[in-house]
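For reference, the chain that follows is the form predicted alone, supplied as structure tokens.
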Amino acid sequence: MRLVLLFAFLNSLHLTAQRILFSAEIEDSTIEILDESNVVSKLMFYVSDLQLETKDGDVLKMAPYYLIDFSNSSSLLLEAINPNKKEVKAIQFKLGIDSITNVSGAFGGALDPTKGMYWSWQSGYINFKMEGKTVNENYILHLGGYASPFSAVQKVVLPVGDSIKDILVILPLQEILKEILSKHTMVMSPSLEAVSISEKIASSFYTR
């Protein structure tokens, strides 16, 4: 009897889950794996304080931190429990790790330093990592920083259309490649450059 009840409970969670899928676009093609031409050979970023706002004002909170890693397809799919199947009107999150978490020191799970997204206790976490090769040269963007004036974490708020279906959060990489890499090809430490680029990346996300 207990097994039956457990199965019914797990099945109900699955049926009431609101799926959020992270994806990227390059040259009008949606990608969920890294580009074979090495235009984008590495793409990782932290999503923190992710929550969904329903049309009646409720907030569905999720785990505090996620590491989105395009070399690991399972990391691109997140689920929020929406038990009453309420309509969602917006999704919001922070691109990066907040200052309080940074000064508290490294943790396990998504924040484990072995994930390759942690500089040191002094510089903190890398919020966004993108590497690859353009026609002319290699590029490396390791964006982070938590102390003023180099606080690079960004808030992202996106409207949601047909909210009872999967929410697809898309990052258009072509805009980054064109607009940012024309000026910056190597950013690897907290800086005003990292803050400026982080702002542009955060404003590029959209939902579908």
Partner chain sequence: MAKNLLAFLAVVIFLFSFREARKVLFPKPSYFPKPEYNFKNNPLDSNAIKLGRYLFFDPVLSKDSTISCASCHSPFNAFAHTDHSLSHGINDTIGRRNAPTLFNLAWQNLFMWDGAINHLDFQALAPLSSPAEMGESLNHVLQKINKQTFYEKAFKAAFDSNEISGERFLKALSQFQLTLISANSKYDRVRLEKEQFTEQEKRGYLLFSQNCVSCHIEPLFSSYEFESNFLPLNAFLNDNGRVEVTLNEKDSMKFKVPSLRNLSFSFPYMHDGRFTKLNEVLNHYTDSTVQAQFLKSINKSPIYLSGDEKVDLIAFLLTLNDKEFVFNPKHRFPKELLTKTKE
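What you see is a predicted model; the values in this text were computed from it and never measured. Definition used throughout: the rigid core is the maximal C-alpha set that superposes within 1.5 Å between two forms. Numbering follows the first chain given and starts at 1.
From this point on, the text means the form predicted together with its partner chain, which you will not see here.
Only one segment in the set 144-152, 42-50, 57-65, 170-178 has any non-hydrogen atom within 4.5 angstroms of its partner chain in the model of the complex, and it is 144-152. Proximity of T114 to its partner chain in the model of the complex: non-hydrogen atoms within 4.5 Å are present. Interface membership of S74, defined by any non-hydrogen atom within 4.5 Å of its partner chain in the model of the complex, is ruled out. Its partner chain is not shown here, and in the model of the complex it never comes within 4.5 Å of any heavy atom of N84.
With a 4.5 Å cutoff on heavy atoms, Y125 counts as touching its partner chain in the model of the complex. No residues of 74-90 lie near its partner chain in the model of the complex, the criterion being any heavy atom within 4.5 Å. Core-superposed comparison between the shown form and the other one: the C-alpha position of T114 differs by less than 2 Å. Put the two forms on the same core and the Cα of S123 is off by 2 Å or more between the shown form and the other one. Wider separation of the C-alpha atoms of V47 and W121, by 3 angstroms or more, is seen in the model of the complex than in the present form. A decrease of at least 3 Å in the separation of the C-alpha atoms of M188 and W121 is found in the model of the complex, compared with the displayed form.
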